[in-house]
Structures are given as C-alpha cells and as structure tokens.
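Quick heads-up: it's one chain on its own, the form predicted on its own, in structure tokens.
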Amino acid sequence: MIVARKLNKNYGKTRALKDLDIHVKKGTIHGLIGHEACGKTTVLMILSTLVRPDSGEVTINDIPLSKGMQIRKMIGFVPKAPNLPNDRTARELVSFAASLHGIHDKFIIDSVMKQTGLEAVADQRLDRFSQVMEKNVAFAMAFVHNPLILLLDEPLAGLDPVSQKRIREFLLASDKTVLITGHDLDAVDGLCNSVTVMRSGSVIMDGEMAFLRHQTGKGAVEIKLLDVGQTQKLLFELEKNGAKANVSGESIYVHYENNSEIPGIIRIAANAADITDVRPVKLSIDDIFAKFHPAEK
C-alpha cells in the first residue's frame, strides 16, 4: 500500500533522510519509531505531499507521489501539533475539510464529530478549546472523508486517557492502512502489527513486533508472587511444561516465542502460586539500537 525507496531529503546542510526505505502493507497499523529529529515527521510530510523529497520513489496504492490530487483523496493526515484557526468552530472546520472532498452531508459530519468526542462542543470556537480538544478536531478533519490511509504524527501524545482509548479503539476496529509515529515502542505497543525503527534519518531495522521481541530477548512476561517462598514450585511447574524461566530479584521472568503462549503461561502460574502481578516486559528503542546497531552510541 505504501512503498518508499531510497528517500533522501536535506534541509540546508542538514540531511533529514538518508536512502530511506519503508513498506507498509495494506490494512496494517505500522509504527515509525525514533527519537526526536530522526526524520519521522519528514517521512509523513513527504507521504502527505506537503514536502517533496530530493530523491527517491514513493507509491501509495500503486499511485506515484507526483499525482498529488489522487494521493490526497486517499489519505488523512494528523500533524503532531495542529495549528488551526481559533476563530472558527469545530463544526466549521470539519465541514470545510469535508467540502474539500465534495462531502456536504450533515449526517457524515455529525457522525465524525461524535466519533471524535466533539459532539457537545461542535459549535464552540477553537479559542475556547484545550490542546487536547484541538487535536481531536484535527482527527475529525482527517477522518471525515473516510480515507484509505491515515498518517498520524504522534497522535496519542498529550491526549487524555479517554481520548487515547477512543483513538486506539477506532484504529484497531478500522480496516485502514495506518502509519503512526512515536518516540518509543510504548507509544505503539498493542497497536502496531509491525514497526520501522529510525535513527538519524536512516532505517535501523524493520519487522514484526513479535520478531523484535524474540531477537532482543524481550519476549517475556514478568510475574510477581504474593509469597516468594512459592518461587521454586512455580519454576518447577513452568519448566515441566516446557517454559523457560529465570528469577531476578523478586520477579520471575518467563520467556516465550509467540504471543499465543502468554495465556498458557499465566494459567500455569495461577494454578501453581498466588500471583500479585503479571505484565509484559517492555521493549525499548534502546534495546533495538543495542541489538541492531551496537556501534552507534
């Protein structure tokens, strides 16, 4: 659905992208992860036709980036920090965005306002809105024409828990192709099927989340017990069932090859001991840097 090859972009003497390749499959949620100023936003700006690459090729749904009008009909773009006119109401801005795509149906506009939590404040001007509410307006403007592809620049950053939950549920329930950026894997964990990790304008690695966890040794769950005296009993039961486990401090770490193994691990642990907490071991961007690009510090 989204294919970029050998993308390069310079801003003066600063090289923002260096021979960058990216491939996002149709109907998947793909994360573009990296620290600040690594080039993530530049990628989205290029894909949304707002910035031209210096060199490289891009196709979206087999349409070259040069056909900007066709590309813009297919995408919805939400910038990291929307800069919307604050003398307009939310309804006016969403209606304007809809009109650019030939949509004038009030039901469609009202529906997307409700979907993004703006129904009660639809006729208030943005100068009365918080930054969170303004970002929800940007979501509504991007979603209103029901695009095939969503380009979301750190969409969950700064949102309240209710708004985060609403956006996550919408994305997971949709059949859209989504490219979402974030500083770290925490921002997209449980949301993305796959990720591309960037550093200094280049791709460090690209793959499925399960592959990353396996390669970095972070495919594990951490188990804490009410009574640490039950540790040996739990280890025995886990090993009897073929699970690999080790103890660190007061926690037991159980490693797995595939996410489908997690329910079985929890079931074994619950039958063998009194559990107080079970949580996945977080995979950080620094873990990936250390594994796939150890020479850079």
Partner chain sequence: MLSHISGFLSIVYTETRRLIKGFLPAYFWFALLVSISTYFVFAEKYVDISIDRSLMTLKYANNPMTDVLLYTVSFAITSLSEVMSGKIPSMVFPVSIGVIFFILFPFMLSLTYMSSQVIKKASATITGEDEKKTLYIMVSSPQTRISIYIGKFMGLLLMTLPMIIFFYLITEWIFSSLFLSAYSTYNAGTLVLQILLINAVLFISAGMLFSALFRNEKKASWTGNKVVTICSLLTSLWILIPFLEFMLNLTNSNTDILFYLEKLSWLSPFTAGLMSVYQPSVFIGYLYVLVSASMILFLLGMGIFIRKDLEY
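Here the structure is a predicted model, which is why all the values come from computation and not from measurement. Positions refer to the first chain, counted from 1.
One more form of this protein exists, namely the form predicted together with the partner chain; it is left out here, but the text below deals with it.
Option from 37-45, 251-259, 268-276, 225-233 whose residues, in the predicted bound form, bring a heavy atom within 4.5 Å of the partner chain: Flagged stretch: 37-45.
4.5 angstroms heavy atom contact with the partner chain in the predicted bound form for residue 99: Yes, residue 99 lies within 4.5 Å of the partner chain in the predicted bound form.
Any non-hydrogen atom of residue 160 within 4.5 angstroms of the partner chain in the predicted bound form: Answer no; every heavy atom of residue 160 is more than 4.5 Å from the partner chain in the predicted bound form.
Non-hydrogen atom contact residue 105 with the partner chain in the predicted bound form at 4.5 angstroms: No, no contact at 4.5 Å.
Heavy atom of residue 92 within 4.5 Å of the partner chain in the predicted bound form: Although the partner chain is absent here, residue 92 would touch it in the predicted bound form, with heavy atoms inside 4.5 Å.
Selected contact from 73, 214, 183, 165, since only one has a non-hydrogen atom within 4.5 angstroms of the partner chain in the predicted bound form: The option sitting close enough to the partner is 73.
In the predicted bound form, the one of 87, 175, 169, 123 near the partner chain [non-hydrogen atom within 4.5 angstroms]: Contact residue from the list: 87.
Heavy atom contacts to the partner chain in the predicted bound form at 4.5 Å, residues of 42-58 in sequence order: 45, 48, 49, 50, 51, 52 sit within 4.5 Å of the partner.
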